[in-house]
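The form predicted alone is given below as one chain in structure tokens.
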Amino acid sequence: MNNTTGRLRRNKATTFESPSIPKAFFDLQHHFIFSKRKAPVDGIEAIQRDGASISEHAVVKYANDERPDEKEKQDLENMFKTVLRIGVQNSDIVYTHLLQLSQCYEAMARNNKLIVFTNDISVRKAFNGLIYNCMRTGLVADSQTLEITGVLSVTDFIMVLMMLWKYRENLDELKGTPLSHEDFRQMDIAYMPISRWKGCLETKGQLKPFINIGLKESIFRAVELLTKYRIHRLPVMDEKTGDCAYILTHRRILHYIWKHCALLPKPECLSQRVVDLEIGSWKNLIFANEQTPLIECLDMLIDNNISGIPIVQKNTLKVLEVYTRFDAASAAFSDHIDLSVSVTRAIQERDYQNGIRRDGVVTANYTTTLWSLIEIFIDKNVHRIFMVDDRTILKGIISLSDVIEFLVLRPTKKNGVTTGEPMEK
């Protein structure tokens, strides 16, 4: 028997020498394809200032089964539409381009609630309207023309309370006594119309200009305005009617980015630790302890233009609670207003007022990644997260505005490109 018996003979047809394949460089980059007609004009201008190239392409307007019948003799030009394409060279700038190509109306929630006060309504009635509707901001319209001219917010309410309290503290017979609703009603400031209150702020140089944005302007422009003027809410106006469509916030912008995350390349910074990225505040933190008087906490909120401060243990700096501007508005439901009490007592009184329990403090470990932090913002629906160590000791504070500014505005500053008006600190 042959020695090769039992062996499987090699098929000569499968024996070949593979030719040398030349090296190829595959440029797999992402692109934004968008409509030329719907793209925001200011967003396109910002992209062009960045130096990105925008190319035009003609694509078929209808799918194969949706094309119009030839008998209708449609013009060939009507069969195609022109779209624009922008290549994403760097993943860090992907969210910047997304907001530059998105109009403000696209971030509108399905359900919106707006409150508009005429400027002849008393300040007290306006604040009651805000509190009972669980709103933080209301619009102010001229009583004659009904044109929207400004905003009335919880900040105004805090300033009224502080003004009344400090006025009483200067009177020896009223010093240290709580402010009752009867006292509140008897004081002129409670019944002054909104127009007069705004006039007082203007005289003191504390009146902020009415900042708004159009429906068809880019969300990127909205981020610039929110950052420049250090505001938290931006009315989105209909240019044709002059009406307010809704109020844009940092929360809505983050939800809009989150909705498109799955379709976009993720920047490398999302997998890095927030402490390494230096997002938010990590030095010279503003906080209060359990025994800090409420009036001092309100001063911190107004003087530093922040929306909330952490309440920590005096010796250990362990985070216990958070006091926000909206918590101060709970004074409208109290039998008396006493700003000399401790902030801990004020929080306890706030807990179950009006049948609504306040949101608790939200913390995260300072070594968490940016992506995990964004997930917490989306899940907990809060404005700020306190960064702590394993012993819950306060290490830093990161707000929604910090995250939005880092994701959207930082890439343009990193490239040394000015995308809009110069920012003011």
Partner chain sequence: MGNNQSGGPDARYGGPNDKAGLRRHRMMSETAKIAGQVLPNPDGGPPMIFDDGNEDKSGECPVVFRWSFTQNAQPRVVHIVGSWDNWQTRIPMVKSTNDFSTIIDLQPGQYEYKFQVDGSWVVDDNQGKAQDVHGNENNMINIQDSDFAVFEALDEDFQSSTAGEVLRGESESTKNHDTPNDRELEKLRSFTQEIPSMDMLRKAAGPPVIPPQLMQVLLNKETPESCDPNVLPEPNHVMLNHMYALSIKDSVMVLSSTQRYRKKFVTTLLYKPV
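Numbering follows the first chain given and starts at 1. Quick caveat, the model's predicted, so the values are computed rather than measured.
We do not show the form predicted together with its partner chain, though everything after this point is about it.
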{"property": "Which of 314 to 322, 294 to 302, 152 to 160, 112 to 120 lines the interface with its partner chain in the model of the complex (heavy atom within 4.5 Å)", "result": "112 to 120"}
{"property": "Residue (of 135, 279, 288, 98) lying close to its partner chain in the model of the complex, criterion heavy atoms within 4.5 Å", "result": "135"}
{"property": "229, 210, 105, 258 - the one with a heavy atom within 4.5 Å of its partner chain in the model of the complex", "result": "105"}
{"property": "Exercise: residue 129 in contact with its partner chain in the model of the complex, heavy atom 4.5 Å", "result": "yes"}
{"property": "Contact label in the model of the complex: residue 143 to its partner chain, heavy atom within 4.5 Å", "result": "yes"}
{"property": "Residue 53 within 4.5 Å of its partner chain in the model of the complex, heavy atoms", "result": "no"}
{"property": "Partner contact for residue 381 in the model of the complex: its partner chain, 4.5 angstroms, heavy atom", "result": "yes"}
